[in-house]
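In the C-alpha cells that follow, a single protein chain appears in two forms: structure 1, then structure 2.
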Structure 1
C-alpha cells in the first residue's frame, strides 16, 4: 500500500512538473506560431489577389464560409476580387490552394498552401520550372475562367504535368469546386 502511494506520488510529481513546463513553453510560442501562420496566409493573399492593396484585403467570415475581399484602396474602394481556400485529395495528400478571382470569375492569382505530393512529380504544381518566374499553378490558371477549368486529359485547357496527371487534375477540379461553392454562397447573400 505504501509502495503504491510512493510510486503514484512520484509519477504525479513528474507529470505535474512536465505539465507546468509545457504550459510555460506553450504560452511563449503560441503568439509566434500564430504570427508565422498569419504571415504565410498574407503571402498567399498577395499572390491570389495581386493588384490589391496589402492593407485593403478584408476577411469575410461567418459560420459556414470564409473568404476574402480585395480592394485597391485601404478604405474598401475599388473591389478587384475575392479569394477563397479550396482543397482536394491528390495523389498522396490534400492539396490546399488559395484562389483569387475577379468579379467576373476570372482567376487573378493562385497559390498552393500545402501539399505532400510525390517529390519531383506532384510537387511540381507548386514549383517554378527551370527559367520560369511563375509556379505551374500560376502559369496554368491565371487569366482563365474558374468555372471552365479542366486538364487536357479531360478535354480542357490546363496542361497537366507529365507523370503527375492525378495531382494536376486534383488542383484543377478543386479550383472549379471551390469556385462553385463560393459562387453559391455569394449569390445567396
Structure 2
C-alpha cells in the first residue's frame, strides 16, 4: 500500500510541475503569438486595401460586426473601400481570409490569413510562385465583383486548384458569403 501511495504522490508532483511549466510557457508565448497575428493581419490589410495609406486604414467595430475602412489619406479622405475577415471550412480546416472591396463591391484584393489544408494541394491557395508578390489565387479575385465569384467547376471564372477544388471553393464561397454579410450590415447602417 505504501508503494502505491508513493508512486501516486510522485505522479501527482510530476503532473503539478508539468502543468505549472506549461502554464508558464503559455503566459510567455501568448502575447508573442497575438502580436504576430496582429502583424499578419496588418499586412493582409495592405493587400486587401491596396492603394490605401497604411495610416489611413481604420477599424470600425460595434456589437454586431467588425470591418475596416481604407482611405488614401490619414485624415479619412478619399475612401478606397472596405475590408473584412471571412472564413469557410475547406477540406480539413477553416480557411480565414481578409477581403477588400471598393465601394461598388469590386474586389481590390484578398489574402488568406490562416489555413491547415492538405500540404501540396489545398495549401496552394496561400503559396506564391518564386519572385511573385501575390499568390495565383489572390490575382484571380482582383477586379471581380464579390457577388459574382464562383469556381470554374460551378460555372465561374475562378480557376480551382487541381486536386484541391474543395479548398478553392471554400475560399471563393467565403468571399461571396462574407461580402453578403458585410453588404447587409453596411446597408442597415
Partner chain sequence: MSAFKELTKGIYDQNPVFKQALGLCPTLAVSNSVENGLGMGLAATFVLVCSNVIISLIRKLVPAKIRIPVYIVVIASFVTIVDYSMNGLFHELHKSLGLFIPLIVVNCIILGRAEAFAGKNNIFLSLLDGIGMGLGFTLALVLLGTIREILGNGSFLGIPVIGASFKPVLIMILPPGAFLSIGFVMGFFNWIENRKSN
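For clarity, every value in this text was computed on a predicted model and none was experimentally measured. Residue numbers count along the first chain shown, from 1. For clarity, a rigid core is taken as the largest C-alpha set superposing within 1.5 Å between two forms.
Where the criterion is the form predicted alone, structure 2 meets it and its counterpart does not.
With both rigid parts superposed separately on C-alpha atoms, the smaller turns by 16° against the larger between structure 1 and structure 2.
Once the core of the two forms is superposed, the Cα of residue 9 has moved 11.8 Å between structure 1 and structure 2.
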